[in-house]
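This document opens with one chain alone, in structure tokens, the form predicted alone.
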């Protein structure tokens, strides 16, 4: 399975944020979308998810020699700031999600099985989400996307503000999911991208550029990334 992006362009007033992007992402990998703060990573995700309009671009999903346009059901989107209904308990939230998606979710499991999978302890399952930590809210946001089983999972700086233990749990979870879907994780932290991701894609001056994986640990590679990000910062 692969995601094919053709001629994606987006600008805000006179600033060209995404510049005629053509790129292909494949399943079975975690892609690190690397760029400085403000480089356009979230804009790129919002275009894929059709949360914002854009000047041009088409997105296709390919599998078994069949190419089709992606739909909203194909995409799961985990925001950097968790968006969960804080007036519900975790259990109520999962039940609500299952109820409204029961026609599209295959093999619905008992709710506690989902909690076990994501690592939400028994004593926390009936707490209001407003009382959850940032990391636990992030887990809940991740959980509903896992339940939905999207073909494409977009992760917008999901690990940046998590404590070490939760961050490592999330890394293990993402590695376990990658064979079944296309995962793109945006970050401005190079060490995180190098640790977690199979391939690195640099967003620089509105263009996506794949970075040779054979050079991930080399000083030349890191210097190239740092130089590109500095150029973008001062552009």
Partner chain sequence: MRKTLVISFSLRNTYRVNAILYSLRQIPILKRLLVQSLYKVRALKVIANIFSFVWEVLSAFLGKFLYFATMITGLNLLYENQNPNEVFLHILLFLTIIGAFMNTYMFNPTKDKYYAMILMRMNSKSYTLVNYGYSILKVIIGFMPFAIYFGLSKGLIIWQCILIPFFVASAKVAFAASALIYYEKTSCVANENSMDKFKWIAAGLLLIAAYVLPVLGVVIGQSYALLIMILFVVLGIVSVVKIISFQKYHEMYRLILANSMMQMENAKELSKQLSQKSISENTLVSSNKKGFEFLNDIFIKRHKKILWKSSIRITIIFSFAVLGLLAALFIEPSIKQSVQKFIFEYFTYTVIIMYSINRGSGFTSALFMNCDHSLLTYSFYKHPRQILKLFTIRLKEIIKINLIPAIVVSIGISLSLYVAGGAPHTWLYAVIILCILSMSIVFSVHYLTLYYLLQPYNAATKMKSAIYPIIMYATYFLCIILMNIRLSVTYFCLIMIVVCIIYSITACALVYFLAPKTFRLRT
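From a predicted model like this one, the values you see are computed outputs, not experimental measurements. Residue numbers count along the first chain shown, from 1.
Another form exists, predicted together with its partner chain; not displayed. Remarks below refer to it.
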**Fill in**
Checked 151, 89, 133, 80 for heavy atoms within 4.5 Å of its partner chain in the predicted bound form; positive is 89
**Fill in**
TL;DR on 62-70, 170-178, 195-203, 41-49: the one with heavy atoms within 4.5 Å of its partner chain in the predicted bound form is 41-49
**Asked** Could you tell me if residue 75 has a non-hydrogen atom within 4.5 Å of its partner chain in the predicted bound form?
**Response** yes
**Message:** Please tell me whether any heavy atom belonging to residue 85 falls inside 4.5 Å of a heavy atom of its partner chain, as the geometry stands in the predicted bound form.
**Reply:** yes
**Prompt:** Does its partner chain come within 4.5 Å of any heavy atom of residue 99 in the predicted bound form?
**Reply:** yes
**Prompt:** With the cut-off set at 4.5 Å between non-hydrogen atoms, does residue 121 touch its partner chain in the predicted bound form?
**Reply:** no
**Fill in**
Applying a 4.5 angstroms cut-off on non-hydrogen atoms, the residues of 8-37 near its partner chain in the predicted bound form are 13
